[in-house]
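Only one chain comes next, encoded as structure tokens, the form predicted alone.
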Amino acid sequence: MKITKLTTYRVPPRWMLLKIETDEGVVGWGEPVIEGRARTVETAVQEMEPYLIGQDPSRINDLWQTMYRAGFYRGGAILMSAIAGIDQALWDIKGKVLGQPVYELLGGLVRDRMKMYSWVGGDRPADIIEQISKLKEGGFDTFKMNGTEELGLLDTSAAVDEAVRRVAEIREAFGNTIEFGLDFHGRVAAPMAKTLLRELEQFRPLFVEEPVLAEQAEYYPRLAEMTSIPLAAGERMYSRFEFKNVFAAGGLSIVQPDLSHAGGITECLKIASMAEAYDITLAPHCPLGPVALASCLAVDFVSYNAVLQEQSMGIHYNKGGELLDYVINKDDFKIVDGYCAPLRKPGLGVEVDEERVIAASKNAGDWRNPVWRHKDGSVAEW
């Protein structure tokens, strides 16, 4: 079997799907994208084609190493996202050829169902109580929300009080019947992180995500020493070589690699195993589409330390497209009592609605996150 063609489709709301074809008619799907940089990743995928066309798709390890090492310059959000989507599609092909779900090829199930959580609140957290109440009726009991709006390097007590008030209202409304994580989203710099963590500790959030940005990872162990809140990070780290230094330094309780950003299934399995050696739990980042989620689940179901899985159904980013819009086997993605079962079909287990994808790709816009500014006019982290 040989790889014959790679085709990319940018689709709403902000995703890109990749179809890899073979000379024997077996097709694999991947999801290589950086939100807001889809065209750049698309070009990177096209630049990988010479390493792939005419090659045996079953040699995933060799193809991965070739894409990673042969170009001399390596790593980073764009190149690793391009590799990630290609890697997903290759695993999809291998599973379909062998008639097995990918997780069976990786050693088989380590659990029977995977705990899922849902986003609430939007970019600027609002209507959280109402949203949690509706999702709770649907079986969810675990959530994530943005912890703050824009926050200055050194901000006011009023800004801190507003973040604390929002969390206090959640605990008052729901007590311990739910759990929730708080995403600082890179909006909180080191000078404010200590203050916020200390003030929020009394409400026992499940975790705080990106307490500071990954480029300030030296603060993770320092912040962990002064709070009992588990700290999570990893969505903006792209290879085991970035994660290894963070693991060795300590501070993280939860690691969140993105299966569409951090080299795909092949790389994220290694990151998950490294994390397990440090007693760090795994909760893959996934505010993306169906192939990304299916890839996350393939890793979750073979990783002992996987504890939570993000998913994008109903997320505030989804304007013009939803995860199940592009899926034929919608029932396989059903979340029951907050859990998802293994996807049983061969490969990644997602049947992509190709006609819908092609149609949607013809009118896909270029998604960009908003540009926020502080009161003094300087750019704020979104």
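Numbering starts at 1 and runs along the sequence shown. This is a predicted model, so every value here is computed, not measured.
One more form of this protein exists, namely the form predicted in complex with a small molecule; it is left out here, but the text below deals with it.
Enquirer: Picking from 157-165, 76-84, 285-293, 135-143, which part of the chain touches the small molecule in the predicted complex when contact means heavy atoms within 4.5 Å?
Expert: Looking at the partner contacts, the answer comes out as 285-293.
Enquirer: Between the options D332, E42, E35, E351, which residue brings a heavy atom to within 4.5 Å of the small molecule in the predicted complex?
Expert: So the residue touching the small molecule in the predicted complex, by this definition, is E35.
Enquirer: Would you please decide whether Y317 lies within 4.5 angstroms of the small molecule in the predicted complex, comparing each non-hydrogen atom pair?
Expert: Yes, Y317 is a contact residue.
Enquirer: Does the 4.5 Å heavy atom contact test between K94 and the small molecule in the predicted complex come out positive?
Expert: Contact with the small molecule, no.
Enquirer: Just to confirm, Y219 within 4.5 Å of the small molecule in the predicted complex by heavy atoms?
Expert: Contact check for Y219: no, nothing within 4.5 Å of the small molecule in the predicted complex.
Enquirer: Taking the shortest heavy atom distance, is Y9 within 4.5 Å of the small molecule in the predicted complex?
Expert: No, Y9 is distant from the partner.
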